[in-house]
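Only one chain is given next, in structure tokens, and it is the form predicted on its own.
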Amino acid sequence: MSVTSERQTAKRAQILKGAMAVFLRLGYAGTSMDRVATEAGVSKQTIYSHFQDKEGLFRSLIEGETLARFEAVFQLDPHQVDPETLLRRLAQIYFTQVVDNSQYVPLLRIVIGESERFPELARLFTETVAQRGKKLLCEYFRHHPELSIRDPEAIAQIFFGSMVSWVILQKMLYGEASFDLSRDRVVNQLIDLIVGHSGNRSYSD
């Protein structure tokens, strides 16, 4: 990587760090490019040279906190990774790298909380995360006909959707005190349903 490219990458990261702080503090509506520029210590013109607009900036944050963490898994040769291993890797990445070690939950709060006023946020989230993630998993399922999955898109939706709903209920709606359902139990049962091992194994909580 050239010195210029390294500087551009560093500047982009600086802007995203500043933008994240502003979005989490003020929400989507309260965030402006002027505020981001001040937080990031750059000019507004510099921000526009990297990101087209506020929506593009928010999109990049979502991609960085979610989808980018999954990409490496799907670079593997699908014939070299068995379905159970892949699904467990996806679940592990989602829960440990995304949910536990990123700003995913606060960003999701913004998307849900402001989606009525800014429906483009909801579309942005589904297009960036859900749709692209489902497409990647659908392609994997199509490489494994032995799973006998008649509707790969629906199964991919069930897999990702179940994990997201667990996060919403447990982490955002404070369901941990009311529902004794660990994420490991959810993942184990999802894999049993998809891989077809239901009833053949038992898991501890």
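Not measured: the values here are computed from a predicted model. Each form is matched to the other, and the largest set of C-alpha atoms that superpose within 1.5 Å is called the rigid core. In this text, residue numbers run from 1 along the sequence as written.
Missing here is the form predicted together with the DNA; even so, the following discussion is about that form.
J.: At 4.5 Å between heavy atoms, only one of the stretches 157 to 165, 61 to 69, 28 to 36, 136 to 144 reaches the DNA in the predicted bound form; which one is it?
T.: That would be stretch 28 to 36.
J.: Consider K11 of the chain shown here, and say whether it contacts the DNA in the predicted bound form, taking contact as heavy atoms within 4.5 Å.
T.: Taking the distances in the predicted bound form, the answer for K11 is yes, it comes within 4.5 Å of the DNA.
J.: Going by a heavy atom distance of 4.5 Å, is V42 a contact of the DNA in the predicted bound form?
T.: Contact check for V42: yes, within 4.5 Å of the DNA in the predicted bound form.
J.: K171 versus the DNA, in the predicted bound form: is there a non-hydrogen atom within 4.5 Å?
T.: Output for K171 is no: heavy atoms all beyond 4.5 Å of the DNA.
J.: Could you tell me if D53 has a non-hydrogen atom within 4.5 Å of the DNA in the predicted bound form?
T.: It does: once the DNA is placed as it appears in the predicted bound form, D53 has a heavy atom within 4.5 Å of it.
J.: Superpose on the rigid core, then tell me if the C-alpha of V22 is displaced by 2 angstroms or more between this form and the one not shown.
T.: It does shift by 2 Å or more.
J.: Superposing on the rigid core, do we see a C-alpha displacement of 2 Å or more at T46 between this form and the one not shown?
T.: T46 C-alpha, core-superposed: shift of 2 Å or more.
J.: Using a superposition on the rigid core, decide whether the Cα position of A156 changes by 2 angstroms or more between this form and the one not shown.
T.: No: A156 shifts by under 2 Å between this form and the one not shown.
J.: Do Y94 and E55 have their C-alpha atoms closer or farther apart in the predicted bound form than here, with the shift being 3 angstroms or more?
T.: The answer is farther, because the C-alphas of Y94 and E55 separate from each other in the predicted bound form by 3 Å or more.
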